[in-house]
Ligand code: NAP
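The chain below stands alone and is given in structure tokens; this is the form predicted alone.
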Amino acid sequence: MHTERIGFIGLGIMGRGMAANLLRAGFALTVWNRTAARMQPLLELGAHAAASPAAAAAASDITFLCVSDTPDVQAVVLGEQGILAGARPGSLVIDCSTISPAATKDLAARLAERGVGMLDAPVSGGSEGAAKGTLSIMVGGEAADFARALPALQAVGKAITHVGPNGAGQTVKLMNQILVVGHALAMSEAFLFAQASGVDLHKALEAVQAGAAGSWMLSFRGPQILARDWRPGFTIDLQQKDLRLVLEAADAVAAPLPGVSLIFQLYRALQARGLGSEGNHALIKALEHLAGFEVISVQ
């Protein structure tokens, strides 16, 4: 049994798997979620319920949060019943959401004024990685806080890298998202080309995924495309939120990102068709619409 008591706020598509893995690793866990019903499966595994983020933080030495966007994190941390209202000096907050690097630095400063440490620790690996405890985690913050948090982070992830001070974790996560959507577009174009050319798509996928063209996106989402399975490991709406953050951060440092700008518009077209809750691999539907045909694999 670990001595650090853990709080976890935000039990969505990523958070619920991460929280369950903390329990399985032997941490005492207190959870809070805006939709209370999502807490029940974790309560059945031995977690305790909190009445608010403040109460979760008050009961915890380390408080994780994993919510959707910058305003959500700000509300959970700074709100009337937020983490800051309950966290004790000497405790630590770990934000696994993907949000603005600039906002992260501000939140870290606000928490530090009260003697509370903060790590920005966004994650990558989809719902599969969250469930299996194999997420990649890019961490910004003080080295001592990183060392303290490492046993808990190891319960939810495998590739855990301290990348710099507060804000650096979010910056590296945005870099990750640039690569994710670039791979998604390349995969979509490749399948569209293969379909139009008349080759067996399953054989084609088998042939290319083990070579230089291979990627996590191709191996995990390629088979879903061929099965016309749009269940999300990560939704279009959330992916689009991340791309907005990428473009805002890139504008602040004058970095030209024409590829991301294109993909942002393709996802926007899918959102306009009501597809925002589908998996981000449904990017291919935007290209299918342009092409006038669908990628259909027959086995």
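Please read these numbers as outputs of a predicted model, since none were measured by experiment. All residue numbers are counted from 1 along the displayed sequence.
We do not show the form predicted in complex with the named molecule, though everything after this point is about it.
This chain is displayed alone, yet in the model of the complex one of 72, 106, 142, 200 has a heavy atom within 4.5 Å of the named molecule; that residue is 72. Residue-level contacts in the model of the complex: of 225, 174, 123, 119, one residue has a heavy atom within 4.5 Å of the named molecule, and it is 123. In the model of the complex, none of the heavy atoms of residue 27 sits within 4.5 Å of a heavy atom of the named molecule. Not displayed here, the named molecule is approached by residue 238 to within 4.5 Å at the level of heavy atoms in the model of the complex.
Contact between residue 166 and the named molecule in the model of the complex is not found at the 4.5 Å heavy atom cutoff. Shown alone here, residue 219 lies farther than 4.5 Å from the named molecule in the model of the complex, counting heavy atoms only. Heavy atoms within 4.5 Å of the named molecule in the model of the complex belong, among the stretches 184-192, 125-133, 86-94, 145-153, to residues of 125-133. In the model of the complex, the residues of 26-57 lying within 4.5 Å of the named molecule by at least one heavy atom are, in order, 32, 33, 34, 35, 38.
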